[in-house]
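Below you'll find only one chain, the form predicted alone, shown as structure tokens.
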């Protein structure tokens, strides 16, 4: 008796391999992220290239000087490849940047990549400590302000955020130096270290606090901490203003959700409702906020570095811009832009790891 005689059809086809489909989706997601990263970097390099061409600064004169003859000027012009079409110049610029070649700084006489390698750790250290201060104070402040909406803490948080957005950073920096260094003597003065400890700690990471701990030099650590705490606190204040405001906004949205009402009806304590339920659900967007805040401190600490004579990337770019050193300006701009792109990529990766639904 055949299957047709018994009325039975052919054996059903095997179910689709869900794991293989998930792997394909994951691979497409990674490919899309990498393509987006490549296009973003290409756009960044294109913008910096255009900036270098539209700036009212003649790079040839910066090399040969004002007293060079026309023949010397023309020779330098051709040697720098400025006589070629812009497309060819951009391709050449793209290849140089991808190999880490930003040219030579006119101001220092050193390779720009070496200068950046020397000054960038100071900015990273300052921005990292500022971000840690902002997160340590801003997140709890935003959570408590949302939990006690309309109360005294909420009003304080809103005033803190408003002042943080409104107060000029250079004024706060000068007042901080006057009060805490000039009058009270609680912190170290401008600079990254005192003269006594300058150059005494072997450079391992470029981060003075970390290198002094590695060397076991507690005197150098205390001196470095006394110099960094004031500018880092200043940046941390602006960071916590942004982080606390966004945390409060995220928490208010969660606390008004139905699942929070259900949790309260079930008899959960208010502490458990706020921290175990509502706060857990804002961690993912909060990661993006913190990453953007850190990136903002990396590129936005120019005035702080100038006020406190902090030898970081912001001060380096500013001095290069004032002296017409476009190689240094463009090199620093590319580094800051790359940091923003990588921080966004990192936050996207963490978002996907913490929230499987986004995969």
Partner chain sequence: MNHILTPRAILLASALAIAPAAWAETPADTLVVAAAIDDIISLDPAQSFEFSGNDVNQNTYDRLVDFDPLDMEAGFKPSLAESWEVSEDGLSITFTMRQGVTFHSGNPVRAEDAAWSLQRAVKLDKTPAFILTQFGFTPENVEEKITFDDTTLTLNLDKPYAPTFVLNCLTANIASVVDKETVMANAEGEDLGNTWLNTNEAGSGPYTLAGWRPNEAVQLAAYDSYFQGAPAMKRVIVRNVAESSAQRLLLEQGDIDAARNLSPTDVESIAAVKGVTIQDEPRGRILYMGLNQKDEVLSNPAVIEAMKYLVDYDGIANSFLKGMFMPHQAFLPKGYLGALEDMPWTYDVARAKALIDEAGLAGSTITTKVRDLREYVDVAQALQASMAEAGLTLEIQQMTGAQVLDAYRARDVPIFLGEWGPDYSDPNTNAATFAYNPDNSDEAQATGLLAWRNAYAVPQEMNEATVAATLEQDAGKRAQMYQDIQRQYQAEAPIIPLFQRVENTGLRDTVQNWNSGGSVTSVMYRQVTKGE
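Numbering follows the first chain given and starts at 1. So that the term is clear: the rigid core is the largest set of C-alpha atoms that superpose within 1.5 Å between two forms. Just so it is clear, the model here is predicted, and its values are computed rather than measured.
Below, we turn to the form predicted in complex with its partner chain, even though it does not appear here.
Undergrad: Work out which of 275, 171, 90, 186 lies within 4.5 Å of its partner chain in the predicted complex, going by heavy atoms.
TA: It is 186.
Undergrad: Only one of 133, 113, 252, 213 gets a heavy atom within 4.5 Å of its partner chain in the predicted complex. Which one?
TA: Of 133, 113, 252, 213, the residue with a heavy atom within 4.5 Å of its partner chain in the predicted complex is 213.
Undergrad: So if I measure heavy atom distances to its partner chain in the predicted complex, which of the stretches 152 to 160, 125 to 133, 225 to 233, 254 to 262 falls within 4.5 Å?
TA: Checking each option against the 4.5 Å cut-off leaves 225 to 233.
Undergrad: Given that the partner is absent here, does residue 139 sit within 4.5 Å of its partner chain in the predicted complex, heavy atoms only?
TA: Judged by the heavy-atom cut-off of 4.5 Å, residue 139 is well away from its partner chain in the predicted complex.
Undergrad: Taking the shortest heavy atom distance, is residue 67 within 4.5 Å of its partner chain in the predicted complex?
TA: Yes, contact at 4.5 Å.
Undergrad: Determine whether any heavy atom of residue 96 comes within 4.5 Å of a heavy atom of its partner chain in the predicted complex, and answer yes or no.
TA: Close contact is absent here: in the predicted complex, residue 96 is far from its partner chain, nothing within 4.5 Å, heavy atoms only.
Undergrad: Using a 4.5 angstroms cut-off on non-hydrogen atoms, would residue 193 count as touching its partner chain in the predicted complex?
TA: Yes, contact at 4.5 Å.
Undergrad: Are there residues in 97 to 116 with a heavy atom within 4.5 Å of its partner chain in the predicted complex, and which are they, in order?
TA: Going through 97 to 116 in order - heavy atoms within 4.5 Å of its partner chain in the predicted complex - the hits are 104, 106, 107, 108, 109, 110, 115.
Undergrad: Please determine whether the C-alpha atom of residue 291 is displaced by 2 Å or more between this form and the one not shown following superposition on the rigid core.
TA: No, the C-alpha moves less than 2 Å.
Undergrad: Quick check on residue 309: with the core superposed, does its CA move 2 angstroms or more between this form and the one not shown?
TA: False for residue 309: its C-alpha shift is below 2 Å.
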